[in-house]
Every structure is written in C-alpha cells, then in structure tokens.
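Before any questions on how it binds or moves, here is one chain, the form predicted on its own, in structure tokens.
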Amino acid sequence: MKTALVTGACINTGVAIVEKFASEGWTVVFTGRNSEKVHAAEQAYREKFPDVEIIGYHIDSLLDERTVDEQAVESMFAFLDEKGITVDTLVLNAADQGLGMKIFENPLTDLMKVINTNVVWNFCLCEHAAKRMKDVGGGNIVFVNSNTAYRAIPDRIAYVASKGGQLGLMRALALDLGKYNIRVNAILPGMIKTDRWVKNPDFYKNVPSRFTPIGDVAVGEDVADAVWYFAAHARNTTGAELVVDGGNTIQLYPIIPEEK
C-alpha cells in the first residue's frame, strides 16, 4: 500500500489533496499546526474513508521566526518509522501566506518567518523524506507553489520571494535526487476558491485575478488532480512546473467584462 504525506491539510486545498489520495486507496498522513484541528480533520477523514488508513500529525514549522524546528521533523519521521510507514509521495502544501507585509513597516523577522517556513522548513522535510525514499528505491516530492513565483502581488514581498526560492529549491532537488529515482516537481496554482473566497464575496467578485482566459478560477480538486498527476502518472518527469491558474499567467493583464 502506498503512502502520501501531505502538509497543511486541515482546511482548503490540503483537504482536497488528502481526499484525492484517500479515494485512490493510499494511506495518508497529514499535518497541521493546531492539534485540535488535526484531531477533528482526522476524524472527518476516517468517517469519509473508513477503509483507508489516515493519520493526523500535529507539527509546527518554527521555534521562532529565525529558527526552523528540525527536531519536530526528525520526531515525525521517527514516528512513521516506528509504525513501519514509508512515504512514497511527499506533498508540501503548508505555507505561511505572509499577508499584508508593508516594506517600510514590517520588521525583518516577518520576512524571515515566511522564508523559513516556505523554503527552509520544506527543505528539512524533503531531506528527511528523501533519505528514506533512497533506501527503498525511489519516491516523489511535489511542491504546491504559486504563480506568484513569477508575477508579484502587492504587500506580499516575503511570500513572493519564498515561492521564487522554492522553485529554485525544487529544481536543485530534482537534479541531486534524480540518481536515486526520486522525482521532484511543482504545482503553480493561481487564485483558489478557499474559505477566504467564501468569507469575502464582495472583494473576490471584483478582484482582477478572477478574470482568467477560461473564465473561472481553481477549486481545491483542480490542484489535487495536478498533484496526483505527478504522483501517479509522470514517471519520466522531474524538475517540472504545472500551472493551474485558468491561464492567468499567460495574459499581460486581465480582460474585465463591462457590466451591462
């Protein structure tokens, strides 16, 4: 039985990714930063997929803004080792969104916090997972990145920088881990209909990035399908990026229809 480890999977896109792998019969280990939410999500997943093993694990990325909690990552993989669980696919979905970062107002530690979570902590997870994948003959790592790695948005300096750095990390890992039959790829979503979309209808009704060439934005299942492609079908693909943004990245500016 294959196993997927999905980070940040108590809400939104993470839920769709867990459910995709569970629906395919995989064992799923998922993480979250709030123990109560992890427990509640674990119960909900198990009720929906009673024939699949689903394990929730509470973990945080940092000890403080400057320090990644490497010991927590070591403890999680030791926990999986004790259970005899080998991670076939690591899905790096958790992220610090770095919302509302003002260049002349936020302290440097705010940038460090986002970079450490989205780049350094993810590298730590990759390193520990890849050591075990190497020992069993291969594996698969998928970053849930963002189209903002290429196109910046206002007041998100740390987040945009982290996603650009994450793509560099992905390519470097793909190169160094290829010899061990470990593939490393990235999904680049654009806007996604998350709980923020539901809670702020007036804002999202007019936000320019919703006006995509195909006329719609992604839902969690769209991202989950892209992750599944890399995990299950892309045998000869590594170091690649798959954009899931309705075509937003290809247009110079959104074409907003006139109200009639």
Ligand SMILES: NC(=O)c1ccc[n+]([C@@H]2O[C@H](COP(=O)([O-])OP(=O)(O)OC[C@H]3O[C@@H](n4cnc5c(N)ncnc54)[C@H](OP(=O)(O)O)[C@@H]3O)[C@@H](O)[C@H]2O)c1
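Quick note: we count residues from 1 along the sequence shown, nothing fancier. Here the rigid core means the biggest group of C-alpha atoms that line up within 1.5 Å when the two forms are laid on top of each other. Note that this is a predicted model, so its numbers are computed, not measured.
FYI, the form predicted together with the named molecule isn't displayed, but the following is about it.
field: the named molecule contact at Ser75 in the predicted bound form, heavy atom, 4.5 Å
entry: Contact with the named molecule, no.
- prompt: Heavy atoms within 4.5 Å of the named molecule in the predicted bound form: does Gly56 have any?
  reply: No, Gly56 stays farther than 4.5 Å from the named molecule in the predicted bound form.
- request: Report yes if any heavy atom of Leu173 sits within 4.5 Å of a heavy atom of the named molecule in the predicted bound form; otherwise report no.
  value: No, Leu173 is distant from the partner.
- prompt: If you check in the predicted bound form, is Arg183 within 4.5 Å of the named molecule, heavy atoms only?
  reply: Arg183: no, not in contact with the named molecule in the predicted bound form.
query: Exactly one stretch in 88-96, 131-139, 75-83, 102-110 has heavy atoms within 4.5 Å of the named molecule in the predicted bound form; which is it?
result: Correct option: 88-96.
message: Need the contact residues for 121-149: heavy atom within 4.5 Å of the named molecule in the predicted bound form, sequence order, or none if there are none.
response: Trp121, Val144, Asn145, Ser146, in sequence order.
- prompt: Can we say the CA of Pro208 moves by at least 2 Å between the shown form and the other one when the core is superposed?
  reply: Yes; Pro208 is a residue whose C-alpha shifts (by 2 Å or more) between the shown form and the other one when the cores are overlaid.
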